[in-house]
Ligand code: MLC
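The chain below stands alone, shown as structure tokens; this is the form predicted on its own.
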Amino acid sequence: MSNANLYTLFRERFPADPEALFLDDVGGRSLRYADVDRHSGRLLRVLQQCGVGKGDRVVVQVDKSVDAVSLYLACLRAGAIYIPLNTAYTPAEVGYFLSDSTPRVFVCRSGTEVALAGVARTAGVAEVLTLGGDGSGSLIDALREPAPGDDVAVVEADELAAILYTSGTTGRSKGAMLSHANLASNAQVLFEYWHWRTDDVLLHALPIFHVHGLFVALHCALLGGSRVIFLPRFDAATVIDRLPQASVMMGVPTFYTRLLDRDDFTADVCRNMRLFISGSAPLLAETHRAFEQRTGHRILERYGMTEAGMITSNPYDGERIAGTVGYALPGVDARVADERGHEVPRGETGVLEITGPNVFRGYWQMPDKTAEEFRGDGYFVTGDIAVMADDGRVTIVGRAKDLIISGGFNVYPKEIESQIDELPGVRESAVIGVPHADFGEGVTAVVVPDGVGVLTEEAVIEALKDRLARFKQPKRVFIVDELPRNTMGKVQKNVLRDTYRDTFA
């Protein structure tokens, strides 16, 4: 029986030279391909000693590092289900994810285990480990142990490799279940579609707790046996310094606007670059044009989501049109449909629906929600409003569910509104996204006080600091007498977006 474990696919593509660099960590330690098996194998043994086996969940909230990547690969080898969490999530938010996913092991950053131990206990998690070398339940101590062997769990193609949580419109986050086949098919398609070369060098400045940085960027590099310039975070000066050594860069629109803000970002800096890719949020047409004028490169914009990885892409060869997200990737069928799932004529607006080997297996422990999001013929309803041209090119024109994308992160208003509405002095609230030059959209709250005491913008912002991850916290709060409503009593968020659209101008 063949093994569908994603790790076996990566291992088959390791370069012939075992001394070739995989992760070139600008901050210190690097990882050669010769070390990948050994490092992930040692971490695998620790996981096994903790009782982790096929199908067990491992929740991970750690900083970006070489060792964090090795831990991900160790989870694949164990046949475990890897669940990465945004490092900005508060203990209260982490508690929900632990309770919902019921992991065998929770791995957190050194220095946070004391604060999170109680949260883990309440959620029934028996094993809390850290990734730092502090000697107290540290996974890195395992790297000093002898190599454990060559084992990779045998899995079927549809067995789960990961669960990624995506915020829900009702305030409850949903765990999107991704199989080994989902991830493998998407990686292989992108590798071919973007003409990945054996000598490519990827500049990696994205976080690795979501699809873009972990699955899209690192999976392509692993399939190419490529070197990755591994930055702990995006810093424009560091990126400019390292770009001449790279050939591919993936980023969110904020990366490109910040580079364009600097006079030392020039065409010469990009002299060895083959491809700039943008995603996770809409790229403004003016940014696209300004980038081409400065560098001579047309950014390739693509479109994806947690539930399906990458769905569409502008072509590698062919016209990359600003404001569009290109064509459905090979193997992906896409249609623009009305509310009943019937395809609308080309050029008309509707909701984008998709099917293909990349589409997730459903939401963790939410069969009813899963059923809601799929049509009877198997198409997944993305919730994004789109137009498809006669030739199949897709343009995303809006979002059906009030989603805010700020700095490349998904923010659902309902979750924030629920927290604001619980605050003393608040009668009701509405949260919207408005244009922001740096983040794409800035989270903005409009709040109606209950008339008891004095409610201020500063008080609301301060009260939310420990309740919500930083990227979800409103950048501005406006106190008003009432919210605009239609004749049915529904809050008119379109009116609010228009009223406050120049807030960050």
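What you see is a predicted model; the values in this text were computed from it and never measured. Numbering starts at 1 and runs along the sequence shown.
Beyond the structure shown, there is the form predicted in complex with malonyl-coenzyme A, which is absent from this document and is the topic of what follows.
Only one of the listed residues (Arg427, His297, Arg172, Arg258) places a non-hydrogen atom within 4.5 angstroms of malonyl-coenzyme A in the predicted bound form, and that residue is Arg258.
Though malonyl-coenzyme A is absent from this view, in the predicted bound form it lies within 4.5 Å of a heavy atom of just one residue from Ala80, Leu190, Leu206, Leu129, which is Leu206.
Contact annotation for Lys475: at least one heavy atom lies within 4.5 Å of malonyl-coenzyme A in the predicted bound form.
Among residues of the shown chain, Arg470 is one whose heavy atoms approach malonyl-coenzyme A to within 4.5 Å in the predicted bound form.
Heavy atoms of Thr370 never reach within 4.5 Å of malonyl-coenzyme A in the predicted bound form, leaving it off the interface. Using a 4.5 Å cutoff between non-hydrogen atoms, Ser406 counts as a contact of malonyl-coenzyme A in the predicted bound form. Highlighted residues His180, Arg361 and Tyr379: none comes within 4.5 Å of malonyl-coenzyme A in the predicted bound form, counting any heavy atom.
Of the candidate stretches 337-345, 68-76, 229-237, 286-294, only 229-237 contains residues with a heavy atom within 4.5 Å of malonyl-coenzyme A in the predicted bound form. Taking malonyl-coenzyme A as it sits in the predicted bound form, the stretch 194-230 comes within 4.5 angstroms of it through a non-hydrogen atom at Leu206, Pro207, His210, Val211, His212.
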